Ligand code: LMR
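Given as structure tokens, the chain that follows is alone and in the form predicted on its own.
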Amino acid sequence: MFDSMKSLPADAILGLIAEYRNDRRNNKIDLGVGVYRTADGQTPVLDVVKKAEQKLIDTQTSKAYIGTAGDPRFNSAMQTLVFGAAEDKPRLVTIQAPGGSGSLRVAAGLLLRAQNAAPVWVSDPTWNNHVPLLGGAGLALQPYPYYDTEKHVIRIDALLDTLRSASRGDVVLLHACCHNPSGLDPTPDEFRAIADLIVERELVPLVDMAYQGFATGLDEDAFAIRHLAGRVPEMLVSSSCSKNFGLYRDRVGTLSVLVKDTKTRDIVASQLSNIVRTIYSVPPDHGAAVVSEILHDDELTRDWHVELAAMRNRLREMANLLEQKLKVAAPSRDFSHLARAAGMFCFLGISEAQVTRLKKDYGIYMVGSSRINVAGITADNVDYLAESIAAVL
């Protein structure tokens, strides 16, 4: 049966993790893997998560299956976190999903059932798993311009011009905040212009929010979603708790669908339930139960806000610190875009050959596009990092 199959290449990020692990140099730096890290290189369990888990241990009485839509209390709390005090909640259905990736896969299934010929417009570049995940599900993908690799700015005019050619019912995939991989987000005014075009062309937004709270703040980072929710009849929103709650391996997320009326909402809810049943049957419970505990307890919510702000501030400080060090180490090059980026990721802006030299000669690991995770930067390694970058320019 399997004789005709051929091996597929390893995922670039996973392959980089293995290379880094096998590197014996003491001064090696990992800027590739997509997780938050503290100054001592750890990806911690948040203190607030430990408190919530202890409450679950003390009070949880069953590990029986939950429904296909997941925990209603979790879904309600996440819907408020994402949409705020939206007036459109009767038109919303929110389900629990196994992480942002699981949410996107369910969204793909829903879109295929609703209008399988509609293309999905995807930013160029985008998160490296968007294309295989959505395209592999059967959706037809079309790129729209986003990042200028020379000037390190968003190509907003080209973006809008390209989407003006989209047809009614086409889907537009947007990053809510902390665009992965560029780290550059549209301004509120630019998001408003994108929303105007979406309304004018009768397009359907699919918004991926994997980093709520990592750019500016929880409410500010949801601006695009909340603005669109007040203007469009239909949209889909994928949200992940991997980063902002540090629950990477517990696979926690939601998919929300905004529709034109409550009758359509009930139809969509039944379709989502059927799709979930045919993929993974029911979502995993533990991580979502932890988030629900945090969001329904005022003290735990306050503690989470403090820890989230500390993570956000460290990312901002490390990006700024590297930019300052490169001003000294490589004064002829402009790296100011590092300080303008939001969240964990941004492009360093060097060639693939220079990326290879950094890995080979200096033990500094990043993907070939020069996307870096600034959480890998520390006060102890930033001088070595800046000097190494300058050496390969």
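Residue numbers here begin at 1 and follow the sequence given. Remember, it's a predicted structure, so these values are computed and weren't measured experimentally.
Absent from the display: the form predicted in complex with (2S)-2-hydroxybutanedioic acid. The rest refers to it.
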Response to the item:
If we test each of S123, N180, Q212, S256 for a heavy atom within 4.5 Å of (2S)-2-hydroxybutanedioic acid in the predicted bound form, the one that passes is N180
Discussion item. Quick check on F223: any heavy atom within 4.5 Å of (2S)-2-hydroxybutanedioic acid in the predicted bound form?
Written reply: no
Item to complete: Tell me, yes or no, whether A18 is in contact with (2S)-2-hydroxybutanedioic acid in the predicted bound form, where a contact means a heavy atom of each within 4.5 Å.
Response: no
Worksheet entry | Contact flag, K243 vs (2S)-2-hydroxybutanedioic acid in the predicted bound form, heavy atom cut 4.5 Å | yes
Discussion item. Is it the case that V33, even though its partner is missing from this view, gets within 4.5 Å of (2S)-2-hydroxybutanedioic acid in the predicted bound form, heavy atoms only?
Written reply: yes
Worksheet entry | (2S)-2-hydroxybutanedioic acid in the predicted bound form: contacting segment from 46-54, 33-41, 351-359, 321-329, heavy atom within 4.5 Å | 33-41
Worksheet item: Which residues in 6-23 have a heavy atom within 4.5 Å of (2S)-2-hydroxybutanedioic acid in the predicted bound form?
Response: I13, L14
